[in-house]
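Two forms of a single protein chain come next, each set out by itself as structure tokens; they are called structure 1 and structure 2.
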Structure 1
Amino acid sequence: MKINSNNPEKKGRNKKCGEIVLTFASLALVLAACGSSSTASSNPPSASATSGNLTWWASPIAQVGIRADLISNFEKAYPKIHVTLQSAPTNTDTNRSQLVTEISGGSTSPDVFMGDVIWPAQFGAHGLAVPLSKYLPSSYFTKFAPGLVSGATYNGQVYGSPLFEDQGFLYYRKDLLAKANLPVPTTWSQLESESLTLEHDGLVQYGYVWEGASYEGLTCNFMEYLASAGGTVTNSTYTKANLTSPSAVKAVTFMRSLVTSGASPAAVTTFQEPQAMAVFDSGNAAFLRNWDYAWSNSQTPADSKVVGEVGVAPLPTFTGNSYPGYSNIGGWNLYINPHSKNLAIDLTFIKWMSSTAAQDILGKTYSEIPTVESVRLALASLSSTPPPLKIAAQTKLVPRPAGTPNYPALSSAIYSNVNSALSGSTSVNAALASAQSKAATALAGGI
């Protein structure tokens, strides 16, 4: 997911909810060819998993040195296992395309690859990743934060082991709320009302900025409203779309009201992560919905005029529901190449990456959000922990509806039509009817 930082490493691995290029459609012939390929499941891992070699394919992770640090600590724990790092492309779509080409061609390398949280169905359906739940006990998956494993599951099997994650947060101007004697909003209607109050009092130009452009980021934002309204995009088997449900209507009607009321600028329908963050960091908005990296950006003097004035909270919910609302899941999992000759070693590596030692490195040293719930809770109690990591342990997570191999087309059906409703070019009901029709086509395997 391409996103908002000028740091190319940040752009690559943090493609939280950015633009999805429909490369899987163009690779249909390649994928079909690999459907009958043999997988690691026909070759049970050997009893020994304490010596050998493996190759780890991973794109750069934010701060330089994280991958090397993780490898170094793993090799200290398993001195007879050597890990070779293959640096993956920083662009997630290019990364995915290269992996598809290599694995569908039968390559035994890489053994383990770091991949987007929305890949399980796309890779699992075409034999491009090992179903980890065939080799790891159910108890292994219970340690992860709720929502992460369901997002890594396709057709009843878990394909990805959560490595680190991201999610939506509400950023707010502490100084403006103090001047107006307003609390941090906990409901969406309260957020809208406070935005209008701050604007009308002349304290800020815009109330609330977020990602409303016609791209994958809008699907992420929509999921947060939809989940808070009690809705889902599809049924549990991904055979039927639910995009004309009362919950979907409620979600999009409210999103549109943010624009029509003036709580959000009309230009929000063109905003991706960089534009929303830039407006907030320039001091021109009271509230921002964005990912965890927005915190450090807001506290960097070269990029921000609101250093020291920013608070972080869970996203709101709809009135009558329990706070907090839902945060959409971004981030990265670890997957195993089905052609790997080192399955036992691969599993050892993946299990260590979900250990307290590895998750502490990600969280304490590099401020990535850990996926293991106990580590998240422990980090939240430390005074040195950045606000997003403190808040992460309090939030509810919702994955995107990526449990279908045709997720890119499903997401396009959502964001293109929701954007039409936001911009006012189509009514809410007409937009959702169109989304429902296109989603049904996507779920049936069409384009």
Structure 2
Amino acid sequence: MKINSNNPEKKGRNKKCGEIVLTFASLALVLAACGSSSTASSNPPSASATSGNLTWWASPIAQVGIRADLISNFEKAYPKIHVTLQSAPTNTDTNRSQLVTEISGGSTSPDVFMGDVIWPAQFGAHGLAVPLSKYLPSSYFTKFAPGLVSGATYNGQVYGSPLFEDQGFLYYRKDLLAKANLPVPTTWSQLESESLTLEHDGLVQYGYVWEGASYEGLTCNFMEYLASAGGTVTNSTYTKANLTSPSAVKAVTFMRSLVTSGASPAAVTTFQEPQAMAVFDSGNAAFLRNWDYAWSNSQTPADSKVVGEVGVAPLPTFTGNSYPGYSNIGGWNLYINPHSKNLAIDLTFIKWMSSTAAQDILGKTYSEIPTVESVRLALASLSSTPPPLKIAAQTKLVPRPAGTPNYPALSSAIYSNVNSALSGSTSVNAALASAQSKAATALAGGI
């Protein structure tokens, strides 16, 4: 608005600027045209792809050494294929922005990239990933645990091959519950009241810690309450948002009550995973909602003061629904760069990564949740398997509404407004009304 009021007195310059803009624009178009002509055409996959080079782009996985271990085992199985690991930034948004820049810029590297489970629709819609179902038989996709392949599908094509799964768990302090003679909570209100009891008894400083900051992780947390309350974010065709539904109100009202009752610290509205984890690890919280990695983290003496005192359970649900509640799906898929020169080798690599050998390494050695159903079930029956992996098969899963290419904007509409409601700067109803209108804009492709 300020620009407009100032414009009249600078007419002469505007004209000049206009000319410059046009010159720049035409120059840019010429260069852009040059740029896009260089697009690589991928070779059709050959039947026997057992030699060549491949670059794998992957951010660090929770425990040190997973990526290198997987690569060395793959190279043992395929001695003539050489894999170069390109380490990706740990921040998932930075990771994605880098990939988008490289792939839309026509880069032939990386060949295979490890990407978030919420990327398929967006990457598929923009042609930033190869539709795997064009090259792999449908039988390849039947071995994965239910829900994972449908989450990686957009417009009838599967874009990601599930590498390892993740989901929300309830971590609790066994010692504190025993002292206060309390059971593991199965409903949200029970979780809240037990938190308050433990705080009032002076056993612990904070009851329940989770991820409430204005970021993607809050959408994950919100989905768990929303699904428990029987709600969904949008209709099944992603044309209409349902964020003012009674279920959504119930979910956010309860989340806000965790903060107002004192069951969760006020600072939970600024928590991402590391902060929630740190409070729990230092022994200052009785309950924690976190992902699979939290188990090994809480059991590592260098990181944690609560080694041996921690139990894991599925998340609770709202009173009157059947236990357990819903856990949000996280985790990572493997995708192929459309400009990759080695599609056949890429496919060999991806296929090996979903083999029993690779999935065993992920599950047994590094406590990641395997995506292949048979491996997961076999692990669950072993006594040495870490608790989160054992109960992973029992939980109910809810995906984020990532079947639309506009998911990032949709998620932002959710987490920014829910966060406002949590911190009390807006009422629950006003926050959800705002989320609803921002979500409608997002679904229509606006900002």
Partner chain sequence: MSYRTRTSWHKWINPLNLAVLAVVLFIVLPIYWLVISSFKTPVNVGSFPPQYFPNPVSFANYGSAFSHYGFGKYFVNSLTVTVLSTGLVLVIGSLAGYALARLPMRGKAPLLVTLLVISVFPEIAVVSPLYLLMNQIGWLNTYQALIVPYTAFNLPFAIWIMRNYFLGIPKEMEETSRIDGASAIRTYWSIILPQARPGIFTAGVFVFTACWTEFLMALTLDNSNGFRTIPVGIALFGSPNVVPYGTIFAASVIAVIPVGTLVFVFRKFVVSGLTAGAVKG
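The first residue in the sequence of structure 1 is number 1, and each one after it adds one. Not measured: the values here are computed from a predicted model. Rigid core (definition): largest C-alpha set, two forms, superposition within 1.5 Å.
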{"property": "Number assigned to the form predicted on its own in this pair", "result": "1"}
{"property": "Hinge split between the two structures, rigid part shared by S236 and S420", "result": "yes"}
{"property": "Hinge rotation, rigid parts compared between the two structures (°, from C-alpha fits)", "result": "18"}
{"property": "Cα displacement of A88 between the two structures, core-superposed (Å)", "result": "5.8"}
